[in-house]
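Before any questions on how it binds or moves, here is one chain, the form predicted alone, in structure tokens.
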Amino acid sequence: MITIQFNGEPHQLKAQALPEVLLELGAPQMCAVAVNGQFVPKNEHNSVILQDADSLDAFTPMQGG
């Protein structure tokens, strides 16, 4: 089990692979993701393994200006 910061809040997780972590956290499927402040393109999500104390941020698209 690892502990990460997700959108600024601590979460304990069983999963470490980014797609599984997003599912476990209930993150929207249409979201941009940053790990430790670095944007992760959707086509690279499968190659990211989170470690204890990592920071994960998910952003959903918004309309308007």
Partner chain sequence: MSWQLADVTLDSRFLIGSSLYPSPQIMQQAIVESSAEVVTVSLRRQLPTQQGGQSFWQHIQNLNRHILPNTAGCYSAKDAITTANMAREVFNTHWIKLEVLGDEYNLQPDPFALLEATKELIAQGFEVFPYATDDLVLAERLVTAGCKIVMPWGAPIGTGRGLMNPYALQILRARLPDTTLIIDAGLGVPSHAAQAMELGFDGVLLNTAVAEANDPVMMARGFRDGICAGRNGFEAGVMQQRDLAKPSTPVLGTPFWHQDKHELGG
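Residue numbers count along the first chain shown, from 1. Quick caveat, the model's predicted, so the values are computed rather than measured.
As for the form predicted together with its partner chain, it is not shown, yet the points below apply to it.
In the model of the complex, Thr3 stays away from its partner chain, with no heavy atom inside 4.5 Å. Interface residue remark: Asp57 is counted as part of the site for its partner chain in the model of the complex, having a heavy atom within 4.5 Å. At least one heavy atom of Leu25 is located within 4.5 Å of its partner chain in the model of the complex. Contacts between stretch 13-35 and its partner chain, counted in the model of the complex as any heavy atom lying within 4.5 Å, involve Leu25, Gly26, Ala27, Pro28, Met30, Cys31, Ala32, Val33, Ala34, listed in sequence order.
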